[in-house]
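Here's a solo chain for you in structure tokens, the form predicted alone.
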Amino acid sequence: MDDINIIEFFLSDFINPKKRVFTGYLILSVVLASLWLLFVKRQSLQSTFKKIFDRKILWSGSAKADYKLFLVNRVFTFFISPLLISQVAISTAIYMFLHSVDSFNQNFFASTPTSIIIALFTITLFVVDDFTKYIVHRWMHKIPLLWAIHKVHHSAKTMTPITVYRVHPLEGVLFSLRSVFAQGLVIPSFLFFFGNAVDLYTIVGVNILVFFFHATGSNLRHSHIDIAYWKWLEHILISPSQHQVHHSIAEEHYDKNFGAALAIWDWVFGSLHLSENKGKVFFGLDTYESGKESRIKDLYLEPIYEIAKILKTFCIKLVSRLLNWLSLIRDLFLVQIKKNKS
């Protein structure tokens, strides 16, 4: 791999409109943040510029760790991606399953107007993808094994758009599988029932709903610019301020706002927290040893140690229960023998 290919490999997400940190989305986020600070917060042009490009945040120890994790995880992804189960495999399995069910009629909805098919497919793919993100994200907070991994992301004490890449490689694998499952479920199902008219409404090759999500400030969710929406809208869409609440160390903000784009899931399942009256929030983990959030070695190895500790405790408890059961069975067996002898 020559020097140009290496640079392209590491910077590919910044030139790919399907990625959140596409340069165009970053520029739009800066524009949106500027308008918010100038016209809503009534700040001067100079203070707006200083706020957005605050060196204490962009070059903090936590932010530098984000940049390093981004680079190292790119290399990890390069080697691990070929080993993961592919979307084609899942799609094929689901498509064959649908064929095996007699009550399902292939192309049953093929007569539906093409524009409606495309609209349904575009919306369904976006909604299913977002819902699976919510489910997996919630699991990350509720299941100790997964929280050990997800802690890496929440350890950030300052946030920049690159914080979205502040994840342990194992979390990256899990979310890659989630994406494969979501798309592998929707695509063959639509092809089976709607036929070859299935397509996406796109802008620059991106699902139009994903495009608007990124173009309207998705990068500000991991930032210090706390843009809030109207109260009614925050029941539908997660605002940047709401996601910052999710990262807050305040106890009243724990396990809130798991949604990626849609707040509907949090609203339905009781984890919604609106941004109004949230006060000043501080990011990070109050249980994390100071400085650990900036040390790459700790960010990679601590989750492994914690997982090993959890598994060890689980195995000890499991063996203890098995021994208790065996002891009980032995006692019952001995009692039965005594009865037979008497």
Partner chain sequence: MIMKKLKVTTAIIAVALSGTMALSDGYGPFPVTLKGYSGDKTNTVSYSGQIARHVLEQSLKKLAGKGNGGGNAADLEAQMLSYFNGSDDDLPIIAPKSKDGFKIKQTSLHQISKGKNISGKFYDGAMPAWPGNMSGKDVAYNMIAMAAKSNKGFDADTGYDWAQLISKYTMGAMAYNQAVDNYLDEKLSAEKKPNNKPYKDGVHYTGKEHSWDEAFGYWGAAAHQHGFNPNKVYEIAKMKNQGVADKNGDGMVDLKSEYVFGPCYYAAAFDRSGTKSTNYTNTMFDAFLDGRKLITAAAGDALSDSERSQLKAYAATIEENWEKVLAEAVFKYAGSVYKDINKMKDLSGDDLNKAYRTYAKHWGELKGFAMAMQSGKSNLGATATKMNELIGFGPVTLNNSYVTGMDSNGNFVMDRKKSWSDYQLHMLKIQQMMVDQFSVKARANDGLNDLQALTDKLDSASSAETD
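Numbering follows the first chain given and starts at 1. Predicted model, so just to flag it, every value in this text is computed and none were measured.
Below: the form predicted in complex with its partner chain, not depicted.
- A residue is said to contact a partner when one of its heavy atoms sits within 4.5 Å of a partner heavy atom; residue 176 meets this definition for its partner chain in the predicted bound form.
- Using a 4.5 angstroms threshold between heavy atoms, residue 99 counts as touching its partner chain in the predicted bound form.
- Within 4.5 Å of some heavy atom of its partner chain in the predicted bound form lies at least one heavy atom of residue 200.
- Taking the partner from the other structure, its partner chain in the predicted bound form has no heavy atom within 4.5 Å of any heavy atom of residue 271.
- Note on the partner interface in the predicted bound form: the residue among 151, 243, 157, 224 having a heavy atom within 4.5 angstroms of its partner chain is 243.
- When you look in the predicted bound form, the only residue of 216, 124, 107, 112 with a non-hydrogen atom within 4.5 Å of its partner chain is 107.
- Residues within 4.5 angstroms of its partner chain in the predicted bound form, judged by any non-hydrogen atom, belong to 126-134 and to none of the other stretches in 263-271, 126-134, 225-233, 67-75.
- Contact here is defined as any heavy atom lying within 4.5 Å of its partner chain in the predicted bound form, and by that definition each of 164, 187 and 247 is a contact residue.
- Contact annotation for 17-45: residues with any non-hydrogen atom within 4.5 angstroms of its partner chain in the predicted bound form are 18, 19, 20, listed in sequence order.
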